[in-house]
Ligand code: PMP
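A lone chain, given as structure tokens: the form predicted alone.
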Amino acid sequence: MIFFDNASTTKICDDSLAIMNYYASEKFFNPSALYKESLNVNNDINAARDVVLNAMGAVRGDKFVFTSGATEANNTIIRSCARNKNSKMLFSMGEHPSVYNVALDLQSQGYNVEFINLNRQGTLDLRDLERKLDSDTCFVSFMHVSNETGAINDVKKITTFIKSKSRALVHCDGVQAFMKLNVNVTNLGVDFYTISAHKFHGPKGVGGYFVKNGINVKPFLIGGGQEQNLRSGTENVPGIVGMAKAIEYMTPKIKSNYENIRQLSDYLCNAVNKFGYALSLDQKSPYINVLSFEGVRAETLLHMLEDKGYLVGNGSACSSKHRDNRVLNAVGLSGIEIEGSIRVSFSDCNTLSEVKEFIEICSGCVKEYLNKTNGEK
């Protein structure tokens, strides 16, 4: 089975799996206990935290808080910043459900929430941002890389503009960017940056958020005061050390992986354009590719490809049961194009030979589908 849905999750790397097994079976102590073994585990958590902060380009005084993943991290940040219903909170229309649906929930509670449009390139519409940003804006949230289209926002440019016009705190969902692009939160200028380990060959159930020095966060989970009093609950130690190990595995490969996967993406999109449509954007991550086939239902094609040994996606795994797609709609795809869209997302485990075979199989499946449906008419 060939896995081409790496935007949804990735295979855990051997180094990460090995250290997780060790901490689950041998070094299993509760880091909040007072005996030496537990203190050592607590030190290991902080060492893992330093690995994350260093990989992010953080500076002294910045924090990283481990959570169960990006959904919890996004919820924590947004709800922490929702302190005054009169202050405006701005959210990109392209956000992941763990941001977008929280914004809708706050809006339903009477908070002053507005959404910023996307342009035809899938990135934040800066003119719309300028229209909606004002002195009452307290918070702005937008993605680094779209999980739906791969569109890359110019985070530094956007953040600099926001800071020049307001005192708003800036949150960036970096789930599809971290360990795939060169990410330096200090240069980007953001106040918050969220990541999830299972998107870069780490374990599921662990992730977290960066907090810029001097920014206060209201805890989402209250209890024993773990994680610098910002996230209570016994820490997922195997997950945390496994996440750090995945970062150490991926960091030296970021540049070479990007170039290799860019070649896979270019080959895929050029070939698909001969019998379908590959979404082309000015600034796009090669890791994520949207392919559309007119007259084909994506869900049916997905299962046809699965039967042939290829697993692909049809958008965010967190919202894959929804037939509409607000992100693809925002970048200008028609209803017919959206209905026939699949998402092919790569990792460094994928090869050119897999892509070439996939193109042949996909072309055959599309022809089979169209021949069958045309014959039924």
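One rule holds for the numbers: they count along the sequence shown, beginning at 1. These numbers were taken from a predicted model, which means no experiment stands behind them.
If you look for the form predicted in complex with the named molecule, you will not find it shown, but the lines that follow are about it.
Here is the short version: of His96, Lys88, Arg231, Lys284, the single residue with a heavy atom within 4.5 Å of the named molecule in the model of the complex is His96. When you look in the model of the complex, the only residue of Thr159, Ser166, Thr71, Thr123 with a non-hydrogen atom within 4.5 Å of the named molecule is Thr71. Shown here without its partner, the chain carries Asn289, Asn314 and Ser341, none of which come within 4.5 Å of the named molecule in the model of the complex through any heavy atom. Here the chain stands by itself, but in the model of the complex one stretch of 291-299, 273-281, 128-136, 192-200, 192-200, has heavy atoms within 4.5 Å of the named molecule. The named molecule in the model of the complex comes within 4.5 Å of a heavy atom belonging to Val175.
The shortest heavy atom separation between Asn147 and the named molecule in the model of the complex is within 4.5 Å. Proximity of Val140 to the named molecule in the model of the complex: non-hydrogen atoms within 4.5 Å are absent; the residue sits far from the partner.
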